[in-house]
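The chain below stands alone, shown as C-alpha cells; this is the form predicted alone.
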C-alpha cells in the first residue's frame, strides 16, 4: 500500500516514522514547506522516548505530483489547516483513496466529507503523545489507543487494512461503529487539559496538583458534559471528570499540543476544542462561561506573542 502522511508535525512524524520502520508499505510524507521537506529528507525522522531512539529515512515531498495517487492519506495537520490540506492533496486522491483524520477537536470530519465525500473519509483519534523537538525530530511522550471508524458505522475492508497497518507500526488500533462518540470523548478530555496547560504552562499531571487548576478543569469538563448529554452522545466512560483527571495522571509528564504551540509562539487549535464547546453551547442554549474565558485567554496569548514581557 502507498500511504502518505500529510503534515510533518509531532504526530505526523511519529506515525510516518513508525510506519517506515515497522512495516514494508510505501510511506510518504507531504510537507507544504519545501525548505523543511528538504531538511527532513536529508536528516530523516528521529523518534526518541518510550522505546529508545529510532531513525528512519522517509520519502518526503512538497510536490504532490511526485508522490502520486495513494491508498491512504493520513491528515495530521492542525485543525485550522484542514481545509488548506484538502486543496493541497487533490493529486494524491484517486478512485480508491481513503482520507483519514486523526486530528484533535471536532469539525475536521465534516470538512473532509465536504471535499471528498463521506464514502472516502475515515475518522479517528489517537492518544499517543508526541512532542516536536525540531524538524523531523520528535519525542514519543505517551502511549494510548488509536480508534478508527466510518461515520455511518459500517465496517469495510479498508478499515481493517488501516487497522492492521497501524497496529503493525506499533500504534495498536481498534475499529469503532460509533466513531463520532469516540471523537467527542477525546474532545471532552482535551477541553479539560489543553487550554489550561497552555495558560498555566504546566504539564498534564500538574493540573490535578493545584486545587485552583483542578477546579477550572472540572468546570470546563462539566460544561462540555452538558452539551454531550443534550446531544445524546454516548461516551465510552461514565464520569467525564474522573476520566480527564485519570488521563492527566497517566500522561503526567506530557506537554500538551496546545502548550507546545504556545511555547513555540504558534497558532493553537483553541477554536476546535474549547471554542467548539462555546459555539455548541450557544447553538443549544447552554451557558459555557468557563470555556469562553479559557478560549479568550488562549486567543489573547496568541495575539500578544510579540509583546510578552521577558
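The model shown is predicted, which means the values in this text are computed figures rather than measured ones. Numbering follows the first chain given and starts at 1.
The following text describes the form predicted in complex with a small molecule, which does not appear among the structures shown.
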{"query": "Of 217, 189, 147, 162, the one that lies within 4.5 Å of the small molecule in the predicted bound form (heavy atoms)", "finding": "189"}
{"query": "Contact test in the predicted bound form: residue 97 vs the small molecule, heavy atoms, 4.5 Å", "finding": "no"}
{"query": "Contact of residue 193 with the small molecule in the predicted bound form (heavy atom, 4.5 Å)", "finding": "yes"}
{"query": "Partner contact for residue 247 in the predicted bound form: the small molecule, 4.5 angstroms, heavy atom", "finding": "yes"}
{"query": "Close approach of residue 101 to the small molecule in the predicted bound form, 4.5 Å, heavy atom", "finding": "no"}
{"query": "Triple contact flag 200, 268 and 295 to the small molecule in the predicted bound form, non-hydrogen atom at 4.5 angstroms", "finding": "no"}
{"query": "Heavy atom contact within 4.5 Å of the small molecule in the predicted bound form, the stretch among 60-68, 248-256, 36-44, 277-285", "finding": "248-256"}
